[in-house]
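This document opens with one chain alone, in structure tokens, the form predicted on its own.
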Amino acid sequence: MAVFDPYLAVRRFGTGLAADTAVPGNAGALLTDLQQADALAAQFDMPRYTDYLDIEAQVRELRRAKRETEEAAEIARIDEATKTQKSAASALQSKSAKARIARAVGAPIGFRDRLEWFWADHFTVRGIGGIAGSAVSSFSNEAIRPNLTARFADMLRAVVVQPLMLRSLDQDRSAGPRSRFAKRRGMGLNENYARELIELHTLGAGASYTQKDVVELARLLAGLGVRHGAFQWQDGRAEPGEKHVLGKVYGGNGQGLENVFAVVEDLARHPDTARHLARKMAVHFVSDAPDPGLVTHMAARYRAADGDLTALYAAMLEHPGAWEPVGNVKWPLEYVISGIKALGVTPEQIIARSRRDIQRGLIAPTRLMGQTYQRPVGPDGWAEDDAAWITPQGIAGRIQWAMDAPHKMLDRLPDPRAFLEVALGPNPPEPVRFAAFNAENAREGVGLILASSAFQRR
């Protein structure tokens, strides 16, 4: 029966080992770390969604001014000002990427960061039109990270009013069929968000719901809207009357948003939601085919704790099924970050890098590995199964990064023999040890370690 392994704990549930890593003494240390103040978020702050909105508003005003003038000098001035604002928006994106990487690299364990990535993928939003539509990191930083140790219902409440989520799933194009807005504009109900809220975010596909539940939930959500980029409950779009979702009645009392929060609470407490979240988390952190006992244990603890997320994490970490020695293949961005951390690159060095360096050395390589930064193909996020990442192109991208990136980031590469245990712990696989000890030079040795199957797995 598998048991707790301190080095595996940091590799599987954290952001990877480093030379100064103080490995946890037990699984509870990962939870203790979560309860501490989020010092790295304070140190490496991230632009807020409203920062993007402010720039978008200024660009919108500049465009209005350009339409209203025919003077060449004024048009030139407006074009230059618009260019400046768009450059400021790109700077926000660069700052967000650097802050995200710096936090993960600087974390002694990194369980908080891994959980943020997991939940941000669970509630996938994709970059959409407009400057504010690219604020994906801000969505995660404001709705997900502060709620990592709350109840799932609390996280869901935070997500359900996020403009980027509503726009990404076309909720801003939905109106109750009997609403004032629908009657005036001819707009109808859009079921996208209601379906994803049930199938992806809570109960899971194939759970105990019907198409009628989806339609009724869409009617209940119809008042969720976005105005000038910000969330707004819109009574004019809301569908009047009662709605029947999963056997319960909501609405008909004029309370609007409170009815949405009521259905969110009930969806979060549903037994199917417990099973869906438990299995998805076990698959992500542990294995494509996790121990059924692990999933059952996690689901039961979640329900007993009224959806408390810390209880869900504790159930995972305390179960022997979480500590099987061979784990999943890391996502490309996760792989790159764990490599940077192992090499000893500091958070401050990440922040000091130019926008071009970050793009070329960290963001572009993950695209070659199959994970375009913050642009998943669909609302179900990134694939979990290993086969999605173990492809000829994906593996080639990883090997290329392992061989090329380290010497570009460091003035002097570490001795591969010492780096071996830094990256993989005190008991690395013998084939990797042999390769590291027999490499012709440091560049080859370090590259072989980072490219090894052992390092690429959680």
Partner chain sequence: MDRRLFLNGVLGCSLAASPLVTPVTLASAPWDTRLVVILLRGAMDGLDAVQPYGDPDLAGLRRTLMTGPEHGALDLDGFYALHPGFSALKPMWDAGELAFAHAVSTPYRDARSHFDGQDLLEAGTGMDVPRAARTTGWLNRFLQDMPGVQLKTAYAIGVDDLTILRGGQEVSRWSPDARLRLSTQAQRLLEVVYHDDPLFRDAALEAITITQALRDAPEIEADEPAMMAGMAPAARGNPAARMAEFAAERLREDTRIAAFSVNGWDTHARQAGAMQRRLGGLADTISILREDLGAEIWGKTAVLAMTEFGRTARENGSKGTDHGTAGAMIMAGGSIRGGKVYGTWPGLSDAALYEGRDLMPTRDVRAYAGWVMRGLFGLQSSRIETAIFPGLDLEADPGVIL
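In this text the structure is predicted, and so the values were computed from the model without any measurement. Residue numbers count along the first chain shown, from 1.
Unshown form predicted together with the partner chain; subsequent notes refer to it.
Of the stretches 205-213, 222-230, 150-158, 371-379, only 371-379 has residues with a heavy atom within 4.5 Å of the partner chain in the model of the complex. Though the partner is left out of this view, Arg433 does reach within 4.5 Å of the partner chain in the model of the complex, counting heavy atoms only. Among residues of the shown chain, Gln400 is one whose heavy atoms approach the partner chain to within 4.5 Å in the model of the complex. Proximity of Val23 to the partner chain in the model of the complex: non-hydrogen atoms within 4.5 Å are absent; the residue sits far from the partner. For Arg367, a non-hydrogen atom is located within 4.5 Å of the partner chain in the model of the complex, even though that partner is not displayed. Distance criterion of 4.5 Å from any heavy atom to the partner chain in the model of the complex singles out Arg173 from the list Arg173, Arg353, His244, Arg180. Leu169 is the sole member of Leu169, Val295, Leu115, Ala99 with a non-hydrogen atom within 4.5 Å of the partner chain in the model of the complex. Not one of Thr32, Ile131 and Thr310 comes within 4.5 Å of the partner chain in the model of the complex, counting any heavy atom. Applying a 4.5 Å heavy atom cutoff to the partner chain in the model of the complex picks out Ala387, Ile390, Thr391, Pro392, Gln393, Ile395, Ala396, Ile399, Gln400, Met403 from 387-403, in order along the sequence.
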